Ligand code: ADP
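The chain below stands alone and is given in structure tokens; this is the form predicted alone.
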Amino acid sequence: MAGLFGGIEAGGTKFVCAVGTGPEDIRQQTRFPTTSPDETLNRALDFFREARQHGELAGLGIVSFGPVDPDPASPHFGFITTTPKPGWAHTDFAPRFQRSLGVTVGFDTDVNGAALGEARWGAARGLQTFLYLTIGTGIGGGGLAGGQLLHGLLHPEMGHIRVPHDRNEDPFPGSCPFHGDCLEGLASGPAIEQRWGRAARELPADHAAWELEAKYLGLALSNFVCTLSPQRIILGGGVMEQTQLFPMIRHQIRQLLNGYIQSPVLQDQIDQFVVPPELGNRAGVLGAIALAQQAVAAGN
């Protein structure tokens, strides 16, 4: 597709902005901390105005922490809605960029964006139905079903499902301000730090934290396998930089499913079923560029 495209990966701690056409063609990129809405969004707008030195943008994709409103028919399309992030609830996001830059804007969750990037250029190439989850400051999930990004009533909130919580084994009450011990409340980076008194990156590979983490993630992914039947599950985010988690999670899934779902992928190729993102920490911003391309193509 001809033209240059912009992408914004809006995270709770940092923004990444880029201009280009794909992984091999990024003309300009920046990252900066997420502060107040006005300061952060104006800084992103300034980046895209400056990036016009590389040519005019054909479109912009924005993938954001949430919850968000991704429904183009909604009067609040492109807004961040009930986020617990201080100051950001009910923020006019995508419409602000559409007005300021005068380009077509695609808008979705950060995890759906990362999934789209992996579908286009990464670990989900050629797949029609798969999931992407990020395990970090929060836990979020997105993906494609039948080749389409997952939407419905709003968008998936896979980090807020309930998983069994044995309080004798794990008395930690959970860290989610909405639900306490949902998956995010038990297995996110902040939950690990609050439970063990140290950040995840500071814990040794043989720490008891990881067996418990793998158990919670294995329970969640087994539920997703049974409900959504994904062809692959991609796990990104800061917690998953602990690569020893991957074989532990795969083992948990096999144990929990107990041979019920008969697929050679789960029996003999599970190393190819639960995998890290091929695009690494670029999945989000590249997915935003892919979203921009998709939005422009849909409008033509």
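Numbers for residues come from their place in the sequence shown, where the first is 1. In this text the structure is predicted, and so the values were computed from the model without any measurement.
A second form of this protein, the form predicted together with the named molecule, is not displayed here; the remarks below concern that form.
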task = Select, from the options 270-278, 51-59, 38-46, 235-243, the stretch whose residues sit within 4.5 angstroms of the named molecule in the predicted bound form by heavy atom distance.
result = 235-243
ask   = So in the predicted bound form, does residue 200 come within 4.5 Å of the named molecule, heavy atom to heavy atom?
value = yes
ask   = Should residue 190 be classed as touching the named molecule in the predicted bound form when contacts are defined as heavy atoms within 4.5 Å?
value = yes
query = Does the 4.5 Å heavy atom contact test between residue 218 and the named molecule in the predicted bound form come out positive?
reply = no
query = Does residue 137 reach the named molecule in the predicted bound form if we count a contact as any heavy atom within 4.5 Å?
reply = yes
task = Let me know the one among 130, 210, 79, 121 whose heavy atoms come within 4.5 Å of the named molecule in the predicted bound form, would you?
result = 210
